[in-house]
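Next come structure tokens for two forms of one protein chain, structure 1 first, structure 2 second.
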Structure 1
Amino acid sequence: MVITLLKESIHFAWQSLVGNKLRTFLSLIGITIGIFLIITVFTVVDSLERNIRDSVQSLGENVVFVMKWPWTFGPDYPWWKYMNRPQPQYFEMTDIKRKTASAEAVAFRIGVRKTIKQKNNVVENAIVAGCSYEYGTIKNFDLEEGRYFTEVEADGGYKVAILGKSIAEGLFPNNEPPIGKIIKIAGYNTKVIGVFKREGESMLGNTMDNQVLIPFNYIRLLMDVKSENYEPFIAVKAKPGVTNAQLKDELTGVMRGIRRLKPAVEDDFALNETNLLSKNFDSLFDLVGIAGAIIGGFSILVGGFGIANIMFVSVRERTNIIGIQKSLGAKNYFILAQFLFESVFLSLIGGIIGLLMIFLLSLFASSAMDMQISLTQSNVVLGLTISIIIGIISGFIPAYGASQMDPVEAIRSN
């Protein structure tokens, strides 16, 4: 019984859709645009959120960064005070390491832009980052080949380097294995000991693809590490079971002690956390999501009106058929299901076309932007559900009207 009803409904719906191609197209387009808009916004927001989450994770989740500038500012932040703050120094890192009980690992990192050469291949303006040994414990590095520095190499300032993927491709364009090769960083011969996996574009701008990592005691040769012109930081990773708040409290005391700040004097350093960044992005994405929901919601609503309109026309066109069906014994629910199915079918096709468009767009965007934009399963389910809901809501009134028709009057009408 149900299968017969389903088969007949599909048949009727298909006949109606194919018989009026232009009308079908025009009524589908509203739902297609609505689903396209709303799911595109959700897909982009989800992809950006995922990108940020990955970037934050690669920075280390339970890590506090001691820096000159805070990552987040209020509306009236006193930038003139921050300007006069000193940059973190290497000796402060060693002091923190000695004095902070809740720290598992402490590392110093400073970066500078230099030209790197390998025979005739040159990469200009590459970021050369010098770091202390424990940076490898704090940041989640993913090496494609080779290894990280040993403690001896880091402390001894050995001339060794780990290349980002883009840098490695620039210096070794013919798929030559870079491990063990000698490159020149600002004129110094340096041995390549590792290559990072490709990370792709990062929302936080912290991709390792265009960086070269060398030991801190080596970068001292390439730059004045005490200069105020660079942006060094000290990264402190909390011990397991220690919260970031506890670590920050202890670090504040330790840093104030190191810098000999009197009780009444304000901190002259910032303690930054990665979750502060992701929280800021969360509110931005919420805003984008709400804007997308309103625009997409209205488009879908308009699309729903279009389908309701088509369904009223469809009922009117088939009034005498309804009359004949009823006079032959068709029940009200049978007529109701027929038309309801037609509107759901129509709406679902519109939704599927919209989702297909997003899928193609995400493939194109992913290849063009070096960032993974993917249509998730939950967004596909949401898109299809919205299509079905709109189909039911917009088709129920015309379908119910058809089911309530008097068979005699319906047959008479022309």
Structure 2
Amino acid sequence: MVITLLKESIHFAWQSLVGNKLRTFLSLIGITIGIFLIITVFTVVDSLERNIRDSVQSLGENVVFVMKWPWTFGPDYPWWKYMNRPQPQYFEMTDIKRKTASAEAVAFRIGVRKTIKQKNNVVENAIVAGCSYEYGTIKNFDLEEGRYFTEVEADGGYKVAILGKSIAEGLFPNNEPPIGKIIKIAGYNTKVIGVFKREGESMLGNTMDNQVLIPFNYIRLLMDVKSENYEPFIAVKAKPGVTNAQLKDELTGVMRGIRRLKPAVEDDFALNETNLLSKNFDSLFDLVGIAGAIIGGFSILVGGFGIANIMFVSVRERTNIIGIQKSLGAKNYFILAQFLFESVFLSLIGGIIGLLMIFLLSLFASSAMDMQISLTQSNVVLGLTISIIIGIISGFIPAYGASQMDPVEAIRSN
């Protein structure tokens, strides 16, 4: 019976669509626009959130960053207090490594923009990052070819470099192999020992594609590492089983001891962790999602009235058929289910059209921007579910009215 109901409902719905194209178009456009708006907002928010979380995770898991500035901002952000704080120094990294029992790895990083040359090929304003050896243990990245520098190369300040994919393509066009080649960083001959895999655009700007990684003791030749013009940081990764809260508690005591702060003096450093970035964006994503749901909800409400209008007209046009069906023994629930199936089918058509529009838009946006925007399976299911619910709600009253008709009166009606 379910198959019969489905076949008849699809047949009647299709006849209604074909026979009243303009009316159907005007009625379904509300559902289509509503699903399009809601799922588009959710798709964009999900894509942005996924990109940001991937960027945050690339900073390292279970990692605390010792920095001058905190990552949390509020209405009473005392920037003037943080302005006078000292920058983290390399010797503090070595002290933390020696004194922090809960730390698995500790690394120092500082960056500067320099011009890089390889014969006639030049990359200007490239980010040259100098880091200590254990940075490779903390930072999540993959090498496409070559290797990471050794501890001897890091401590000795060897002139070696690992290139980001975009930097490598700029210096070595036409797929020329870069490993073992010599490049010039600010005039210094440097041997290329590795190339990072392409990461793509990062929402936080921490992609390795446009960076060159060199040992910290080498970058001392390129810049004044004690200058206040740069923003170095110390990354501390917790040992397995140690929470970030435990690591931060120990780091607070270690850093206060290193800087010889008296008990009554406030901390002159910030301990940042990656989940702070995620929390800062969560409220923004929630707000955008709510706004999109409200706007799309109004469109779906209008579309629901359109579906209900089609069903009232459909019931009126098929009153004689309803009377004949009931006189031949059709039960009330059969008539009710028949029109409900038709209402759901019409609503699903609007929802599917909206989802197809989002899919095409996501393909275009992904090709136009350096960020993957994809219509996820969960959002497809959500869009179809909303369409089914709207179809049931919009079609119930007309369907119930049809199921309660007196068969004699229905047959005699014009």
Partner chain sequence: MAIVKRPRIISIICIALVLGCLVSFFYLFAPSIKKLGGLIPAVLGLIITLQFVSVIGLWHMKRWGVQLFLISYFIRFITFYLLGILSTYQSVAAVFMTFYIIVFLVHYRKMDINL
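Residues are numbered by position in structure 1's sequence, first residue being 1. Being a predicted model, the structure only gives us computed values, none of them experimental. Rigid core here is just the name for the largest C-alpha set that superposes within 1.5 Å across the two forms.
**Q** Which depiction, structure 1 or structure 2, is to be taken as the form predicted on its own?
**A** It is the second structure (the form predicted on its own) rather than the first.
**Q** Examine residue 333 after superposing the rigid core and state whether its CA is displaced by 2 Å or more between the two structures.
**A** Yes, residue 333 moves 2 Å or more.
**Q** Core superposed first, then measure: what is the displacement of the CA of residue 406 between the two structures, in Å?
**A** Once the two forms are fitted on their core, the shift reads 2.7 Å.
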